[in-house]
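What follows is a single chain, given as structure tokens, in the form predicted on its own.
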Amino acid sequence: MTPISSLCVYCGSSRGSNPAFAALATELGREMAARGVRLIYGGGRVGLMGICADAVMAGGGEVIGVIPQHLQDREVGHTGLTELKVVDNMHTRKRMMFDYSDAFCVLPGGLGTLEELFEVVTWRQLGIHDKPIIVLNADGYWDRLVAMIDGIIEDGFAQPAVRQFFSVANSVGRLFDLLASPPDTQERDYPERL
């Protein structure tokens, strides 16, 4: 696989209750800067979003934030980035982040993070893209999500192939190992009932 140049990171606009989450966001940002991987993210200066962006910038890396005007008006936009793109709405934001990215990483977050994750997984399921999606599972934060998806499959609302559309990594090092590995060469089975 060609090394990625841009990684979209979905994560919380809060720090969360576990200090490991902020440490993970910092570690990811530092490693991205060291590897010359551009951060594409939601443009906020708060929470894990801001922590990761600050770490990339502190390491001399490049950061492109994409924020809708209504959030910029609340003064949550990060002013210290390589570039901050202000867009008209959340849909434009997500599409621009998708277009700018070679792969996706999901750190701990809330409902917005889940919505972003499910959108790119669904787009992959529908054959719209084949970009890697990796859930970075800090302290087992996403174990409940993986269990829920397994339950959805078990109850017949999704095909087992859905689990092939994203990977779970327990460390930043493993995340980059997965991004460097060749893509799955198996034919994807897109069933009529997704």
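Everything quoted here is computed from the prediction, not taken from an experiment. Numbering starts at 1 and follows the sequence shown.
In what follows, reference is made to the form predicted in complex with a small molecule, a form of this protein that is not presented.
Screening 76, 90, 96, 84 for any heavy atom within 4.5 Å of the small molecule in the model of the complex leaves a single hit, 90. Using a 4.5 Å cutoff between non-hydrogen atoms, residue 80 does not count as a contact of the small molecule in the model of the complex. Heavy atoms of residue 11 reach within 4.5 Å of the small molecule in the model of the complex, making it an interface residue.
Within 4.5 Å of some heavy atom of the small molecule in the model of the complex lies at least one heavy atom of residue 49.
Though the partner is left out of this view, residue 101 does not reach within 4.5 Å of the small molecule in the model of the complex, counting heavy atoms only.
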